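Here's a solo chain for you in structure tokens, the form predicted on its own.
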């Protein structure tokens, strides 16, 4: 097989457009063999009124044992929502045991937004995630996550000097590239990229709507394009454009997610 093989580690919502439910079809669309390590199975994502939750943490060592027996290794890793400190340690073990030489690690921390931690997270988790970032080749936290990771006071409104200082603080946690998602200036939204000491911006017009799961879609497209060999700037631009197109194609703002499937069918793979 000539296709690159990536492992994505995050939860699986049986219903709702987020996490593995979007990562698997998107990465596969771009010609990447996509293997999964589900950390939990949910009946539906947590924007519904209620949900069931099956924690798979205890099964992961058994999965690792079988992968080791079969000599399985991966060309890259994409980490999304983990949710438990113990899973962070298992993610690092996974890198150690199942990585091919120079396999890139992309980490989307996924623990906070709009200035607050998601339910169930605490500062111990944030510190553990900060330690894991040293293993990354690319990290893509949003502004809130970047603030928590660096101990910076969050501001809903900020200027480029604040965002760039935040990026440089993140760079002390990893030797990899830093991508801060969802930065906003002058009616535009996009990514601040800090790579090898150089800062760039990839910005698009901001749409006045917010949907669940768009960060997962962004990370999936960015990772796919990056593994195809495109630059990080172009990967972020293509991912941002795809997310914006999905938002436009969705009739109204909704907790369920965005209509990415029809857009994916219209997107050329190269």
Ligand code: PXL
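Residue numbers count along the first chain shown, from 1. Only a predicted model underlies this, so the values are computations on that prediction, with no experimental measurement involved.
FYI, the form predicted together with the ligand isn't displayed, but the following is about it.
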property	result
Within 4.5 Å of the ligand in the predicted bound form, all of 11, 118 and 216 (non-hydrogen atom)	yes
Partner-contacting position among 227, 42, 202, 27 - heavy atom within 4.5 Å of the ligand in the predicted bound form	42
Interface residue in the predicted bound form among 81, 125, 148, 74, criterion: non-hydrogen atom within 4.5 angstroms of the ligand	81
The ligand contact in the predicted bound form: residue 18, any heavy atom under 4.5 Å	yes
Contact flag, residue 132 vs the ligand in the predicted bound form, heavy atom cut 4.5 Å	no
Contact flag, residue 136 vs the ligand in the predicted bound form, heavy atom cut 4.5 Å	no
Contact flag, residue 106 vs the ligand in the predicted bound form, heavy atom cut 4.5 Å	no
Contact segment among 240-248, 208-216, 65-73, 29-37, judged by heavy atoms lying within 4.5 Å of the ligand in the predicted bound form	208-216
